[in-house]
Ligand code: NAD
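A lone chain, given as structure tokens: the form predicted alone.
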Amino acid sequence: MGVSPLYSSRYEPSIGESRSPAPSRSWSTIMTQTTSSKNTFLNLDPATGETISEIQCASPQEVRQAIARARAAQPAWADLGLEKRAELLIQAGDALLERKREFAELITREMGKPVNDAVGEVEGWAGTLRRTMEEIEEALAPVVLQGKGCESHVLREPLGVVAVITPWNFPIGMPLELLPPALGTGNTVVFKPSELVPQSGQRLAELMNEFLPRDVLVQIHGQGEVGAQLVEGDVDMIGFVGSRATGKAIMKSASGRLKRLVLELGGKDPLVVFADADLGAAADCAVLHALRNTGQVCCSVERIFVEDSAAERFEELVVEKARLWKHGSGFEEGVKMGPMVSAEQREKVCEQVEEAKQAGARLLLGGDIPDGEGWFYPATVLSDLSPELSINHQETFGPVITLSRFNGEEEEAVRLANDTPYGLGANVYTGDLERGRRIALRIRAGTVGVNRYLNAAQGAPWAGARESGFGFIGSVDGHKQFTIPKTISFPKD
């Protein structure tokens, strides 16, 4: 089945980028599918390896046309006003909630996520659209400042055309992190969903365009090469969620015209467990947030440091809980982990695990590719990891729990947590809340959870410190990044 390369309003399509690690590759080659011809790629079912569809890539001319169409539609969309823009976007969100099962099944087919988790993804992001519009209203509220002899009005204006490039691990959730603030603030968008979930992105654009004016949201398909053309095109801002390597390439490309950027990149999040912590709760956090979505989450728990005196008991708890994580097709009853998104992604996980085993790490659970079709990988637990291993420094993005020990000193806990170029999130479990607070303040990460996973309250920004991001998304301040402040001053008697 072919798919048209451009979509807007009553037309068609989509495009995307991977958030899996690929530090040695150019961004135009990261996580591409096998191509059947120069201008198409195959959309594959990760549970079977079978072809779902063959997708037509947008040509360079079509990328330019998509941007031009969005450019032409932008003034009228901005002039429509926030109230009307919000009304249309909320209507689209309500329609998405009504069709959540349909979208969830498509997510499961394209990237393997258990269907109930996919339903939760759609509900979780579509269900917050009203609150997002309220935050955007606050973000756009004018500010009046009084000065000597003048009164200054600070307004917020849209930037123009925003390129939105999203990953495959949350095919609906990640677009809904970027599209509502980009559109709600008065910009128009050219949207490229990941080539690994092209039809999920396309269906989302189709649904939204049932409510939006023509060419406000234009969607194109393609692999990394098309994404590069979009970034290099006549856009005013790039909103990207994906890998650190690709984020750096985008930043370099955007520097020529100083295009605005919001980059939400990868992580290598630590979990620090002190001996006086509730070990059961800490083990629950470790297992759930290392294995959910088959470990394919930017803020997965990827490095666990346990105080020496509690390490043996903690290992037992983790293995006991991880054994319950059955893998299989996302449509099967009782499955907690679907397949990995691609053969290439699974191979990266295998390489890290094998390197660790050969270096003397203890394999406590899993670690072998199961027989049969599909790109499955079991829940895996490793202990006694050497510090120099790649699994301690590069994103794993797979269902692997790694356990290391530390001496119980705060200084050592902070040093280990910060021993990474990333800084997305972190988690600390301790019986001493004041100690937890001290450590949270010293860990270089955008979001930290103390005695709970790092999920924050509605309205908090999602930010990556260091090489985990540039700018941030969510919250009133995050939405402001899709605008530019404009100050107009008047004389005052």
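Model, not experiment: these values are computed from the prediction. Just count from 1 along the sequence shown to find any residue number.
Below: the form predicted together with nicotinamide-adenine-dinucleotide (NAD), not depicted.
- In short, of 320-328, 284-292, 132-140, 259-267 it is 259-267 that has heavy atoms within 4.5 Å of nicotinamide-adenine-dinucleotide (NAD) in the predicted bound form.
- For the options Val235, Val241, Ala417, Val349, the residue carrying a heavy atom within 4.5 angstroms of nicotinamide-adenine-dinucleotide (NAD) in the predicted bound form is Val241.
- When nicotinamide-adenine-dinucleotide (NAD) is considered in the predicted bound form, only one residue from Thr402, Thr188, Gln223, Gln219 comes within 4.5 Å through any heavy atom, namely Gln223.
- Under a 4.5 angstroms non-hydrogen atom cutoff, nicotinamide-adenine-dinucleotide (NAD) in the predicted bound form lacks Glu110 among its neighbouring residues.
- Contact annotation for Ser194: at least one heavy atom lies within 4.5 Å of nicotinamide-adenine-dinucleotide (NAD) in the predicted bound form.
- Contact check for Gly227: a heavy atom falls within 4.5 Å of nicotinamide-adenine-dinucleotide (NAD) in the predicted bound form.
- Within 4.5 Å of any heavy atom of nicotinamide-adenine-dinucleotide (NAD) in the predicted bound form lies no heavy atom of Ala182.
- Of all the residues from 135-168, those having a non-hydrogen atom no more than 4.5 Å from nicotinamide-adenine-dinucleotide (NAD) in the predicted bound form are Ile165, Thr166, Pro167, Trp168.
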